[in-house]
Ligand SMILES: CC(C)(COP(=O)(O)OP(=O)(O)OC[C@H]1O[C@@H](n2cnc3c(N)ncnc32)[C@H](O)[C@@H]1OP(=O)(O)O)[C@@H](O)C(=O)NCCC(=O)NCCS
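The chain below stands alone, shown as structure tokens; this is the form predicted on its own.
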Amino acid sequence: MNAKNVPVQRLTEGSRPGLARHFLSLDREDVRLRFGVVIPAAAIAEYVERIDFDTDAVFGVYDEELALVAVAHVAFTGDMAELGVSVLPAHRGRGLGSALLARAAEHVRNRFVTRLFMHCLAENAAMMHIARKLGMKICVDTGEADAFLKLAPADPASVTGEFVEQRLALFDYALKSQAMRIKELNAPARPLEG
């Protein structure tokens, strides 16, 4: 799948349970690569609860069962935004991480923020590859990597593009939701227990 064809949706407060399920389904090594250290489930739940959907931006990609399989969290600080990304193992290699980074960069640009920043472990080859594809400059030091991207100013095309991408992602979600409902209606009825 091409990153341009991935429906990346900006998530809302109502997405917290799905976000928690996404992060809690990461194995120990993936948690370490996403957060820089292994953190317990309680800390992951606390992280999800602390996300400020009014200030930050969280983006996600849903699968056919409406589970979040890829997530990007953008935290804003002054003239810079920091990005964290995770993709569930079964969904890697499909352009989801690239699509999330591109969507996040466009959103940051449209918020008149000039720089996008990502910190990861230097051994996280997948994230380093995606960052390079997006044109980020990467500095590696003592096992950690920082990636930076200077963003062009927002313009009418970037604002319209982000609006259209969100509408397409919402439409994709609605179609998947409808397909799940039809599937449930067509499922064989289970016998009543009595």
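Don't overthink the numbering: it's just position in the shown sequence, from 1. These figures come from a predicted structure and were not determined experimentally.
Just so you know, the form predicted in complex with the named molecule exists too; it's not on screen, but the next bit is about it.
The putative spot formed by D56, T114 and A154 is not touched by the named molecule in the predicted complex; no residue has a non-hydrogen atom within 4.5 angstroms of it.
S98 belongs to the set of residues with a heavy atom inside 4.5 Å of the named molecule in the predicted complex. Taking non-hydrogen atoms only, V108 never approaches the named molecule to within 4.5 angstroms in the predicted complex. Put simply, R167 is far from the named molecule in the predicted complex: not one heavy atom of it is within 4.5 Å. In the predicted complex, the named molecule sits beyond 4.5 Å of every heavy atom of E162.
Only one of A145, I51, L33, L149 comes within 4.5 Å of the named molecule in the predicted complex through a heavy atom, and that residue is L33.
Of the residues A41, A126, I138, V38, just one reaches the named molecule in the predicted complex with a heavy atom at 4.5 Å or closer; this is A126.
Partner contacts here mean any heavy atom within 4.5 Å of the named molecule in the predicted complex, and among 127-135, 57-65, 43-51, 154-162 they occur only in 127-135.
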